[in-house]
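Read the single chain below, which is given as structure tokens and is the form predicted on its own.
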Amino acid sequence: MKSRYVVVSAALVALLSACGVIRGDDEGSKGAQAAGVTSEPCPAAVDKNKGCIYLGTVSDLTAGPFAALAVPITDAQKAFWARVNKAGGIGGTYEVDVTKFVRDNKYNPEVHRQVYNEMKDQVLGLAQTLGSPTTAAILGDLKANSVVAAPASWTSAWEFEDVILETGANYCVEAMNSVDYAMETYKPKSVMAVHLAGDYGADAAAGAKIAAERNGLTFTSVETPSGATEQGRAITEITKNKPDLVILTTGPADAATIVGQAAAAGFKGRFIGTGPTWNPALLKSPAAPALKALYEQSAPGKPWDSDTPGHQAMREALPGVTPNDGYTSGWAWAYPMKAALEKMVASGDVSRKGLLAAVKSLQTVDYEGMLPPEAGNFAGDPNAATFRQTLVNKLDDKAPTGVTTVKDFFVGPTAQGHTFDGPCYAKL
């Protein structure tokens, strides 16, 4: 009876292995493989003797406001993991596939949740989940099932979520540093935050408010909908109130409309837009002269043509593409996941819980110079671990992505002294 049971069990295991994934034993059984982990090689394996770790991607690939960034983000991550696999994979045991489970969220939280649910039992974690409100739509499930996910967004809410593997300073810090940079450079007396709703725009607006208060500046806030044809009220508020500094947190087309039409109406104040407000295609738009005159981009990382080993590796892995800092962000975001997977495999617990434990033990990450190693601290409490350095770029026709850095990684006094005890957007 016992030998028959063994034969049946062995046959069942063989059948499930042939299907590619052994499921249902992710929570604590070290002897079996977890969801999204197979002993079979990846579909495009470099070494067919290695197993495969599948990571999912849910991004804004066609219809949403960030598609121009999301497509290069996704392509850069495919190139990043191809490089990892070519170099020997993870722990000499696994390669990583980020090509089989790629879905379009159309920047719609409901679509995001739907396509995530379709893939979640077949992936170990998410190499990319694009957007703050969209990722918030699946956050409860990520936490309930210990699914680690790398976000394509920088809301300060991620500082308080163990399953979120963020890279770079959050929007709140970015806006704080922008206001402090402007204090040094332009001496403003008033600040207006023009922002989308929710934990993208409102997070930056809250940072601008905190920095304005610290610097004794007048602060106003204007929430605006997404869409280039929807910016009339924001433009009217800017031209009517004439703030010295506008912190923009919108999509690129929205930003171009706001800056271009405000300038056309005679506005001469400064704009600093968060990273996602820029796309190099704007240099060919009717708003280009106004953007060159009035706009700078704050950013959580260095642009495409920067001289670091990571940037060089990225450029070599993406020959022939039109430079875009979506590629830069996507490539940089993959380093913490690589570090966590390596620790997970080294621990012997190849499972979702093993990956989460590895994430919670990371104190530094080797970004190959793209970011300082301390940007990869996921082990400390949120206030201690929050990375607070950002950059400021100016527009440059000769630069591959239309921007060059005018202020390298820095921490302003507002961000330096701020206590992170909850997401910033909740305090706007």
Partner chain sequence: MKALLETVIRGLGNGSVYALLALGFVIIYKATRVISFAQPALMLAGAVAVSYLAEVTGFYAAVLLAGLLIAGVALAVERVAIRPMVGRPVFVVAIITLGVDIVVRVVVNAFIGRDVRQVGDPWGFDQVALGPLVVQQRWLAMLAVTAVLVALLFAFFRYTRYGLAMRAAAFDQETALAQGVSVGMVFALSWGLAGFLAAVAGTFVGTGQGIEQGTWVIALKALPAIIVGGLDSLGGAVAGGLVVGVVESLFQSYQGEYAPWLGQNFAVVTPYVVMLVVLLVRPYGLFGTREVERV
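Positions refer to the first chain, counted from 1. Since the structure is predicted, the reported quantities are computational estimates derived from the model, not experimental observations.
Not pictured, yet referred to below: the form predicted together with the partner chain.
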The listed residue (G260, P151, G354, P336) that reaches within 4.5 Å of the partner chain in the predicted complex by any heavy atom is G260
Which residue among V321, A313, A136, V71 has a heavy atom within 4.5 angstroms of the partner chain in the predicted complex? V71
In the predicted complex, segment of 36-44, 359-367, 62-70, 376-384 with a heavy atom within 4.5 Å of the partner chain: 62-70
Look up in the predicted complex whether A256 has a non-hydrogen atom within 4.5 angstroms of the partner chain, and give yes or no. yes
Classify E110 as contacting or not contacting the partner chain in the predicted complex by the rule of any non-hydrogen atom within 4.5 angstroms, answering yes or no. no
Since only the chain is shown here, I'm wondering whether T229 would be in contact with the partner chain in the predicted complex (any heavy atom pair within 4.5 Å). yes
Answer for A287 alone: is it within 4.5 Å of the partner chain in the predicted complex, judged on heavy atom distances? yes
When you measure heavy atoms, are V96, Q128 and K143 every one within 4.5 angstroms of the partner chain in the predicted complex? no
Can you name the residues of 325-346 that have a heavy atom within 4.5 Å of the partner chain in the predicted complex? none
